[in-house]
Ligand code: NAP
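To begin, one chain is listed below as structure tokens, in the form predicted alone.
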Amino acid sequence: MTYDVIIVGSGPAAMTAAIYCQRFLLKTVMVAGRLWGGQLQNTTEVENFPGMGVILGPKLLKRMRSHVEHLGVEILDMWAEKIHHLSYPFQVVLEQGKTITGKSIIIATGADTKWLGVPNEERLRGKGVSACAPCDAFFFRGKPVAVVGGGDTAMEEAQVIANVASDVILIHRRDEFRAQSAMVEKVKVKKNVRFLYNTKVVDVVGEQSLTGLLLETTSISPKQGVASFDDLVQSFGGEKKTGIQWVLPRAGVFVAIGLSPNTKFLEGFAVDERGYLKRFEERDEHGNLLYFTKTNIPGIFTAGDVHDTRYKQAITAAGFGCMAALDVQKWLGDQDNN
């Protein structure tokens, strides 16, 4: 059997694409993976998805999946290992050697958060440890928090959380930020943001919820304005432990060291320098937009965080899923008319 469309992924982008494709009466299959759902599975309360009020991320995903299943979309909880795009119709190789065939494909495999990898991080995720300020900032209103990172993402997170938190400390393992200078300046003007250089997070501290960060400061940056390690710890209200390690009291920490797009299994697809799938707009001879979400392979489209390097929200992923489905419908119709 050949499907009209194969959707690879299972987050908001993939779910929305599946809903639209099924309503277009396209024979649709979703390759969801064994750990389906994407980053929303690691999110606690979601308050910014229209119509949902306050809802836990996993619960929102379950509602999306129930909607997709109710419409009759076939879902395969298996990993996609390879996409054969040099022959048509396309083939997607799944685990255990299973292969499915489709006339078109939507790649919506998302991106995974790069976590710190410290001992208690996973245990305290959703209990003070977060990776999304726009998602979770509300829960830290009036509380002291930290942001870990030195790139544009860290600066964006710091700007968002600074609007609600009482005190924000941006922790970077180096003496210079990788972020654009303009981004850094926007954060510097925030009166409740301070910078902590040459410092890495060794662990997160807390029983039921986060209470602090175990830090290691390798050297004192001249930018800190202090002469000794003891002075540094005292200036941030911390508690010295042993050697160069100390504990910084915090109610929350936002990990902003980047995302890793799930594109490693894709061969022959155009990606940018960070591995994000490239999107190519196609227009006709009059300049009218034909396809907004196409990849470099005709008939294969993309949606969500696997290509989105800027917005990275559940609602924007869903919007991209809608656009990809509309592009697929048009592309399949164009092939029938040729």
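Each residue number is its position in the shown sequence, starting from 1. The structure presented is a predicted model; accordingly, all values stated were derived computationally and were not measured.
Note that the form predicted in complex with the ligand isn't included here; everything after this is about it.
How about Q313: is it within 4.5 Å of the ligand in the predicted complex, going by heavy atoms?
Q313: yes, in contact with the ligand in the predicted complex.
Contact of M183 with the ligand in the predicted complex (heavy atom, 4.5 Å):
Looking in the predicted complex, residue contacts with the ligand include M183, since a heavy atom lies within 4.5 Å.
Indicate whether the ligand has at least one heavy atom within 4.5 Å of a heavy atom of H172 in the predicted complex.
H172: contacts the ligand in the predicted complex.
Taking heavy atoms and a 4.5 Å cut-off, does N48 contact the ligand in the predicted complex?
Yes, N48 lies within 4.5 Å of the ligand in the predicted complex.
Under a 4.5 angstroms heavy atom criterion, identify the one residue in G151, G238, P89, G206 near the ligand in the predicted complex.
Looking at the other structure, the residue within range turns out to be G151.
So the ligand isn't shown here. In the predicted complex, which residue out of K103, K114, K143, K190 has a non-hydrogen atom within 4.5 Å of it?
Selected residue: K114.
If we take heavy atoms and a 4.5 Å cut-off, which stretch out of 239-247, 173-181, 264-272, 158-166 is in contact with the ligand in the predicted complex?
Among the listed stretches, the partner-contacting one is 173-181.
For 249-263: residues with a non-hydrogen atom within 4.5 angstroms of the ligand in the predicted complex?
If the 4.5 Å heavy-atom criterion is applied to the ligand in the predicted complex, 249-263 yields A256, I257, G258, L259.
Relative to what is shown, are the Cα atoms of G117 and E273 closer or farther apart in the predicted complex, where the gap shifts by 3 Å or more?
It is closer: in the predicted complex, the C-alpha atoms of G117 and E273 lie at least 3 Å nearer than they do here.
Using the form shown as baseline, tell whether H307 and K186 are closer or farther in Cα-Cα distance in the predicted complex, where the change reaches 3 Å or more.
Relative to the displayed form, H307 and K186 move farther apart in the predicted complex - a change of at least 3 Å between their C-alphas.
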